[in-house]
Each structure stands twice: as C-alpha cells, then as structure tokens.
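One chain is shown next in structure tokens, namely the form predicted alone.
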Amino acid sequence: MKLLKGLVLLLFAAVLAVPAITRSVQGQAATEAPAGFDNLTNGATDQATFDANKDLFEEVEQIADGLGPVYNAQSCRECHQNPVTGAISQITELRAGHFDGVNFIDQAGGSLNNDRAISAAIQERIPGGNEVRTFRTSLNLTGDGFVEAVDSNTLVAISNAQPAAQRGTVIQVPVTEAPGQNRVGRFGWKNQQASLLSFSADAYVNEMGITSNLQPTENTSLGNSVAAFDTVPDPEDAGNVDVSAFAGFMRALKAPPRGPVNASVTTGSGLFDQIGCNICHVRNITTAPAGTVINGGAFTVPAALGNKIIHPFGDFLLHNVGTGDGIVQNGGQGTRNQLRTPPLWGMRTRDRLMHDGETVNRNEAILRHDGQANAIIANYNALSAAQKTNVIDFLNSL
C-alpha cells in the first residue's frame, strides 16, 4: 500500500439554498459548486494531492495487502468509474436476511453477502431461511464532498418543509472517527454513514476486507471466523493511511455536470417541479460556511467546500416509495422498507436504475414508485405522452 503525502482531512456542514444566490451566516455570498467529469480537483486539495489520492483509490489490492479473506472487489474504482473514477458503475452488492413478521434479522455474520473469497472454503452463500434478498447498486461519489459539507440542520429543515405524506426520515448515525459523536446520516442506500472518512473505512473492510484503525475487525464468513486464512496482521491499513486518502479524494471531486439543455429539457424541468418530483428530489442545497466545525470537532469546512450551491436533485433522507429492500442497518426496524432518495445529478451516466439496478427504462423507473410517491405518480400519469417525454429528456440532461 502506498504512503500518503500531506493529507489534510476535511469535514463539512451546510444551509439550504432557496434562491440561486444566498448568503451565509457569515455574510458571505454563496457561489456555485464547481462541476465536471474532468479528473480535476474542486479545490479541496491541490491537484498533485488529488492525483495521489486518486492513485490509491484506483489501486488493485492483493492478498499480501490484506485483501479479503471475504470481499467483493479489489479496488474502490471497480464500483466507481463511469465516466470517471469516483462516479457510478453497474456493480451491485448482495444483502440478505429474514423477516419474522415484526423484525428484520441479519443472516449470520451480517446482511452483506460477500461475492468473493481468497479460498473456496470460506465462500459465502446465502443460507436457507433468509428470504429477504436484495441487490444494491454502487453509488455516485462525485459531489459528495459538498454533500458531507451540508449541515445536519439543513437536512432536518428539508424534512420539516416536506408535506406530511412525503416527509423524509432523518436518522442520526455514529461518526467513526469521533467516538461518541453522532451526525445526520447521508451516505449509503440506508443513510448508514455521515462522513466520508467513516464511509471509506466501512467500505474498505466490507467491500475489500481490509481493516483499518477505524474498522479493525475482519468480517466473518457467515458468522465463522476467517482467521486461519488471514495472513496479514490487523489493522492492515495501519494509521488509516488508505482510508484517509479515499476520503480526501472524494472530498475533492467536483459535482456532476449538466448535459445539454434544449427546449424539451426546459419544459421537462418545469413539469418535474409541477408534478411534485422536487419534493424529494430537491434541486438546490447550500453548504455550510467555510470554517464551520462539524463531526464532533473532528473536521472543519474548508473554503473550497463552504458556501457552495449544489444541485443534487435529492434530499438525502429516507423514504418509503414502495421499492424498499427490507434490510435494516443504522436506522432501526422502522426503516426496513425505506431507502435514501437517490440524487439524480449524473443520472445520464446510468443505464441501471433504482436501488437494485433492475430497472433500465426511465419511464418504468418513475412508474415503479409507490408508497409516499403515490400522489406524484398520479400527477405524472396525468401528463400527456409529449409531456412525459419532456420529463424524461430533463432527467437525461442531469
């Protein structure tokens, strides 16, 4: 594993943007977050550090590095690479468990079922009796440095402003790097992480089987120890060198850029708001002022990420829109069939939609919504065929 030079860890907070230009509590005018699929830093790090962190993000891990013993991928880039490193992909992970009529119960060893192992003797296979099964697509990471910089109170305010029937659920989750501290979750399909460093350490151990000081315990194979197959002392990422580089890279990624905008896209944009899609797919959010200390005092919002207006087309809240995966993570049993609203920025780079990637048509993805989205789908169904095309053209511009 490569060493990291001059890493400065950053964390963030934010306030909700309503007009195109807002002012922070410090009186500073908010400006647009930089966007682009160009492999250039957003300014949170210099370009040399960005490139060094990107190299680590793309590095292919080997058994000698601590890969596995059970794992899903050998590189962060495997799951985040279209059209640039850090974006989305077609890769999915598999989760399973059992619903007893009241509670969801993880399969032995946890709901995540690792698809690979360094020995066939410890290959995980879903045992009988675990009828709750779901695939989850990897998520877009571009722009997530700005998302991390959104103040928790901003997300609470978004929830409070939503109609009762569409109100999103806010959950507090532990910040791994700040023991004893919680923050509003915003990363992962279940909002199971609140910071990019926490997210990095969690993904490193769960997806590649590499432990760090933040996540020092190896996964099991369906509850059975894999110690006999693990030849590298834990933590394998001693000093959190790699996970810090991953977090630094994600924090410096630009937001996804928009595609071409024509008359149909402009019409569709208005219809998107008119029928109520923007209730959950929120257009504008403003990050916290530069200098804001968050995550239990662990990090400070830098100038490159503070007072920035982003357009995620997501509220980073949990909702039940009838497509829930039945899995419970940090949010408790009440979130079993809730999922984080997927931000739509960068949507034009995706050919597999929804949490499981099983929908490949934009119209079908819209119609798959149910539950809290019933009224909005009724409004969509009332549109003419031409208007529906306008909405889909708009989505394909994101």
Ligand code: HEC
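None of the values given here were measured: they were computed from a predicted structure. Heads up: residue numbers just count along the shown sequence, starting at 1.
Keep in mind that the form predicted in complex with this ligand is not shown, yet the notes after this line are about it.
- This chain appears without its partner; in the predicted complex, the one residue of A96, V173, A178, V321 with a heavy atom within 4.5 Å of this ligand is V321.
- Think of it this way: in the predicted complex, this ligand has a heavy atom of just one of I118, A290, I91, V265 within 4.5 Å, and the residue is I91.
- A residue is said to contact a partner when one of its heavy atoms sits within 4.5 Å of a partner heavy atom; K54 fails this definition for this ligand in the predicted complex, lying far away.
- The closest non-hydrogen atom of E207 lies within 4.5 Å of this ligand in the predicted complex.
- Taking the partner from the other structure, this ligand in the predicted complex has a heavy atom within 4.5 Å of a heavy atom of P342.
- This ligand is not drawn, but in the predicted complex it has no heavy atom within 4.5 Å of R283.
- The stretch among 231 to 239, 300 to 308, 196 to 204, 102 to 110 whose residues place heavy atoms within 4.5 Å of this ligand in the predicted complex is 196 to 204.
- Along 380 to 398, a non-hydrogen atom within 4.5 Å of this ligand in the predicted complex is carried by Y380, V391, L395, in order along the sequence.
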